[in-house]
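Encoded as structure tokens, the following chain is the form predicted alone, with no partner shown.
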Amino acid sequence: MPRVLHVAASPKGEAAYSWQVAEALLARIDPDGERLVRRLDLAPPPFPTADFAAAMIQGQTAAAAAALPALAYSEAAIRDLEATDVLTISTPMHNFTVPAALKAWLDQVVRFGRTFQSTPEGKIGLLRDRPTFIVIASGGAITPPAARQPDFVQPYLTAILDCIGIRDLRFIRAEALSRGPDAAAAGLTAARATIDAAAGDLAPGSGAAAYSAIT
């Protein structure tokens, strides 16, 4: 079975729609497997500080970072990624983009010399790719043609995860959740309907090469 990391970014915790859809997804791909959950509502990541910025230059390897307290959270978060085969991020949309807690987690993970390297041709990710499921919950519609607001969540996460080498992204959206009970129910139903398509090649018993490669 794959080892799964679930980074949950909603301040509502297990009551969040994004959490509920992610749980349905994980039950589909990983009903009995090893799962590591990081709830950012219970343990918010620290924001980068001047000490973090200075330590980042010195601690460009795990061994060097071990002696630098300012990189302790960053190293722990990166080790979570290195130890797991599948990444799931469940998040609400806050003001058109990701919540502050998820941005802070990414700021700790996307670290020069450790998870990406700069070259004359651009940034090169240093982490291995893996299937990554991103569940987005939004109060309004964010998919055209119904969308009446911009969506900076998907393009931002696509770009920032690519920077560290994670490119196999599968997005699952639960939309219009604050438009009344009927709209919320329809949004959750639509989200759950996309789970099979997003996770089919990783489902136990599918026999797909992608699943076999990470077991």
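Keep in mind that what you see is a predicted model, and the values were worked out from it rather than measured. The numbering used is simple: start at 1 and walk along the sequence shown.
Not pictured, yet referred to below: the form predicted together with a small molecule.
Within this chain, residue 125 is remote from the site of the small molecule in the predicted complex, having no heavy atom within 4.5 Å.
Proximity of residue 112 to the small molecule in the predicted complex falls outside the 4.5 Å heavy atom cutoff. Within this chain, residue 177 lines the site of the small molecule in the predicted complex, having a heavy atom no more than 4.5 Å away. In the predicted complex, residue 131 stays away from the small molecule, with no heavy atom inside 4.5 Å.
Between 133-141, 115-123, 73-81, 102-110, the stretch whose residues reach within 4.5 angstroms of the small molecule in the predicted complex through a non-hydrogen atom is 133-141.
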